[in-house]
Structure formats: structure tokens, C-alpha cells
Ligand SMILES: Nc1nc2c(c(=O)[nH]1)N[C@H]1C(S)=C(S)[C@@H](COP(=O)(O)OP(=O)(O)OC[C@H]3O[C@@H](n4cnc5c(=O)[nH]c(N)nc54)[C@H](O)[C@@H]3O)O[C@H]1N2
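This document starts with one chain, in the form predicted alone, laid out as C-alpha cells.
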Amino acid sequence: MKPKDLALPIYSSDNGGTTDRWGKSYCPYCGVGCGLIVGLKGNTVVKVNGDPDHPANFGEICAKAVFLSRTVATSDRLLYPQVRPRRDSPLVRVSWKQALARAATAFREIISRHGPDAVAFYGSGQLTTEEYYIFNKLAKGFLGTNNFDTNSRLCMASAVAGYRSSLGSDGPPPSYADIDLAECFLLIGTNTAECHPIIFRRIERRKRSDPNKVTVIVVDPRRTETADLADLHLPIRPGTDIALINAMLHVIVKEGLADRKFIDGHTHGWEALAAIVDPYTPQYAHEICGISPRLIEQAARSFAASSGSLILWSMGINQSTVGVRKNNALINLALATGQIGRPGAGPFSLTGQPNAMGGREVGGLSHLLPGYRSVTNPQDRAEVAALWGVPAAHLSPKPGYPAIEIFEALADGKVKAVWILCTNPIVSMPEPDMVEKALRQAELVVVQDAYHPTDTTQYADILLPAAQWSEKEGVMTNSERRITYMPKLVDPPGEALPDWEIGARFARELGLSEAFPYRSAAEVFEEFARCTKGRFNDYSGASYARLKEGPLQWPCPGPAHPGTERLYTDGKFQTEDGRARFIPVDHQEPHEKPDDDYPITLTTGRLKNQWHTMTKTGKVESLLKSGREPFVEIHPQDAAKIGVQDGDFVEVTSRRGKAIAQARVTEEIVRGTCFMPFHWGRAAGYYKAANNLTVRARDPVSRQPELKACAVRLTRIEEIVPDPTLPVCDASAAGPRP
């Protein structure tokens, strides 16, 4: 509920001229899921305001949303389908019929020669739910491959697996409303102020409303704007989260702070958990994490004693070779103290993308089917096959390739064709050398995007123009399970089409007209909602008509159901016996530990005013002002060892590659650690890409890569003084990089 006593600012942007009408929409950036009011003039977006009636943001928006109008009508919008007559030929314009017919012919031939697992689709958490559904249905139900995965694998896969293994199902239990009720916040693996700024403002207001009663604990190796709000800042070494959480649990057990009534009535595995945390004394955790035992004790007591403790986390937990275990540890903490299913409490993962949650619901990972079903479960496959009107045998029981494995399989020749939609993997993936090799090795690369060129579209054999935000209708689900409808407000430029329509047209080109007859996004949504009926994430009570009146939180099992604000309020979980599971986990070091050759741990992250690979935000001058170039934060003692001063340029080298960035020497990062933002790709400058350095090592369960920790070496770059006796090189004459 919107706080009545707080005047919330409403931010707006003007792209020139007055408006002639207004429409409601949804922000296409992070998983907060802010509602927007969009001012239009003719077929142009000219203003963007926050929607004061939307319960995710109550009128507030961040700078990225303010300038959304500048990202729509840009000079690099992809307007027409294009193909390469040969791999070494330039792209040429063709009709939609020609482009999709060529793609269909190639897919048929590859599947005929090599089987259905020789093709793959790689999507994005920025797709609408309807778009996710179309491509997921096509791949898994009709082409016979589970090779449909998305960049959400890089984002939230560890949270999905953590919720499922501990609570029996995916789905964050709390809501944003719990922020207004919590008395203790544990922010771990999240720089909320930069990555989810509207949520952070809400936490700030809650802290200000009762500063003596509300405690904020922030766990981060950097002192950020988020950490500045903290009563307790715990600057741990990267990758030591489990040791810290287990030490907090150790204190809770030893001091009798556990909620034994809740534990005995609603959980399994308490004795095993108590045994595994027994050695994790605060002193032992100090030796691993590098933080004061007193701070650990204080954090544990504050968390356990609070009437409502809310755990918020994001990529700093998930992007790890033990990301699922870290999620299990956080859920252990909530269960041990009974901090779940009640107001102001619970484990709450913050999704990175606007519809990463919707992708999970629709089965948008290579091991999932719609309605939180699994490809390995025979009953799940049979239910979905019946809904899709195909024999159950058409659905493969073998999980498909997860995100990184899709590109590894392309590089190894196991996958021959890939269809990439609404994402830029050469920038976002670890080890872009491997991704580039994969796209060169592929027999066919189809890229569906709103912009060209990007780092990835330059490798396309077939390039398809997609409509983007404001140019299509559909729904998205935010971090709190809230479904918001987005209407089409303007026509897309040129011949661009919504992603769902491109997928449906392609399916019909493959001869699947009967299964893909859709002529509107509403028809797609209705079918997907039927897939969820009776499931934990039941959408069946939602419809476009209801959602046009306002967003709804699932489960929403009937047309009169108001939606569900909070899960597990009855203490019953989605396990066979209704009890949650304590899952004991031990600390494990990151895949790469520092050594004499690579003595520093690199961690990466976002900047407030940029978004992912900068395909959109990099076009907005006002957003670039706060950071035009990548940088590397270094602790003064580490900088002194290599003779680096603030402002010097530094070469950052790992076992996989190098990057060059300007040094920011600061005590606001722990010694032995450096930080780089990940937004820049090689197209912006070959050595600007932080992912040149990161590692492909991944969690064995979630298959999410460890993007938050790798070993690097820092070297000061000496100033280069041109030799006046040598001719000046003409950079414009240089050929392409081989």
C-alpha cells in the first residue's frame, strides 16, 4: 500500500513538443517493474512519467526510465529483414517471407541431418511473457529440442534452484509491501541503490520512518551508496557469503535465538543444519571473510530478534559456482528464525531484468516447461503435451543446453544453428572469445533485435527487425510476482514486428499453422494462462481485461481472486509433505583463487545509469555523463604495490584476456579486490570489455557462471610518447580485426 504520509516525487522527461495523448506502460529495464505513464505526440514517445497508481513504484522512476523516449526512434534502429547471400557477403534487404523461408529451410535441413538438438534458441529476460511462450512452445513442443535458454540463466538460475530445493517451488515469498513493514534488512550480493534504485528509495524511507527500530545490514566488499545506508556494513571478501551466513546461524543456535516452534512445525533437517554450522564460530568466519567477529554476532542478533527480517539479494549471490548453495544458506537463515510467510519478512531475490520472473513462469530455461513444470518429469511432459495437442513423446525428457553450453556446443560443432533474440551475448557472456568463435563456427546465425549493428548482430546470417518497448503489447512479471500489462502505444518503425509475431510466422513457415494460429498477443496470453491453471504460479484468473485495470500478483486462480501478496502464510510449502527443507551447506572458495601470478580478485557489476550491454542507455547523452568509460576500483595498498595513482590507466589481465581502464584508487573496496563495471563490449573498444577477463566456471546445478570473482593481475600503463621521427598512422585505413 502506498504510504499516505510520504510525498513521493514524480519524475518526468520531455523529448520535445507537447503531448496529444497519454498511455500507461511498464519499464523495460530492471526487475523492479515500475509502472509508467507515457506522453505521446502522433507516433512518437515524447514524455515518460512514473505511474503514481502502480504499486511497484507509486510514481517514482529512475534516470534510465526518464530518458526512455531517447531510445526508441534512433538512427540505428533495425528496420527491415536482411540476409547474407553467403557467409562472406554483406547483408542485403529482403522481404519477411524470404527471410523466414530461408530460416525454415535451413532449420529443416539441419534437423534432418543432425537431429533436433542441433538447433538452439537463446532469448532474454526483456521478452514479454507471450514472446517467451511462442519460442518455448516451438522449440520444446514441435521441433523436439529443449535447447531454449535465455540470458536469465546468467541472472537468476541459482535463485530458481535454491527456492525449488529448499521450499519446493520457485517464486519469491514476499512482496514490496513487506519493505514498509520490515524491521531488519539484510542486503547481500546486491548494490540495490544502483541496480534497483526504486526499491532502495523505499528501504530508505522505511529506515527514516523509524531509524532506531529499523536496522539495515549490508554485505558487500565495496562501500557503495547502498552500504552508506547501513547500520552494519560487512565488507567480506568476494565469494565468502556462505561462511558469513553459517556463522550467523552458529550464533543463532548457540544463543537460543532460533524459532523452534516454527522449525518443529514446518521444516525438516534442523539437526543436520545445526551440526554443519557448529564449527562456523564468528572467529572462524573472520579468518575466511575478513570481517570482525563482533559484527557477525551483532548482525545475527539483529536479524533473529526482529519482528520482520527481509533478506534481499541479487547477482552477487547468484553468479557463483556455489550460487545455489548460497541461496540455500540464505533460506536456511529465514527458516531458522521463522522469518518467512509473515509481514515484513522472508527471502526475496531481486531479478535483474524486467521479465526474468515471467520467463521462469513460462518455462524459459532449458530444463523447464510452462507452469513451473520440468522436462524430466513424465507427468509434467504429458500435461503440457495435452495442452499443446501433441503426443507426449514429442517432448524430450533430456534437459537442453543451458546458456553458456549453447555457445560451447556451437563452438564444438554439436549445435549447428542458433536463433538469438533480444540479447547481446558477445558482451554479456563470460569469455567473449568463445562466443565469437561459436558464432563463426555456426552454420546459421539468426539474430532478432531492435538495433543494428551490435557486437552480436554483426555475426548474423539472417537479421530480423523486432519491435521494442512501447511498440507492442504483452505482459511482464516483476520481482514480487506482479503481472503488468503493456499496451502498444506507437507503431514500430519500418517493417519491425513484435517478437511473438516473428516466432508465430516462423512456425507457420515450418508448416505448423494449426498449432500457431495466433493473430494477437492476447490469444497467446490466454493459452499460456491455461497452462498455469492449478499450478503454484496460477495465472488462470488473470486476463488482459483485468490487467488493463491494474496489475495482479500470482497465484491468481480465479476471475474474482485479488491476487496473492505473500506466499506460505499458512506455513505449508510446495514439498510432498508441506515442510520446508534445511539444506546444510559448507563454504567453498571461488573457482579461481588469487596466486602469485594473479594476486587480485576481480568482481564486476552495474552502474546506476547504464543497462546491461548499453544497447539502449548508451545512446542517451544525459546517462553517459555519469560514466563514459569503464574504470577499475583499487584499494590504495594494492595500488601502491604496482605504482598506480588515482587516474592512471591500468591493464587488467586474467588467464583469459585483458582489459584497460582508468584507476579509481579508493579505500571503499576491500584490499585484494578490484571492481569493474561490465556494460562495455568490444565494439566500444576491444579492451574495454570486463568480460574479456571473467571465467566460464559455473554452478553444477543452476549452470550459472561465476561472473563475480576471478583472479587478475594489474599493471600500470606507462604514458606513450609518440616518436616525432615516425609517420603518423591513419587509423581509418586499418582493416577489420581478423
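In this text, residue numbers run from 1 along the sequence as written. Computed from a predicted model, the values in this text were never measured in an experiment.
FYI, the form predicted in complex with the named molecule isn't displayed, but the following is about it.
- Shown alone, this chain has one stretch from 624 to 632, 309 to 317, 653 to 661, 204 to 212 that lies within 4.5 Å of the named molecule in the model of the complex by heavy atoms: 309 to 317.
- By the criterion of a heavy atom within 4.5 Å, H196 is counted among the residues contacting the named molecule in the model of the complex.
- In the model of the complex, the named molecule lies farther than 4.5 Å from every heavy atom of F142.
- Taking non-hydrogen atoms only, H250 never approaches the named molecule to within 4.5 angstroms in the model of the complex.
- Looking at K326, you'd find a heavy atom of it within 4.5 angstroms of the named molecule in the model of the complex.
- Across the proposed site, S158, L365 and F573 without exception lack any heavy atom within 4.5 Å of the named molecule in the model of the complex.
- A heavy atom within 4.5 Å of the named molecule in the model of the complex is found for one listed residue only; from R535, H266, K416, K472, this is K472.
- Listed residues N246, N136, Q448, S349 were compared with the named molecule in the model of the complex; Q448 is the one with a heavy atom within 4.5 Å.
- Shown here without the named molecule, the chain has only D499 in 485 to 520 lying with a heavy atom within 4.5 Å of that partner in the model of the complex.
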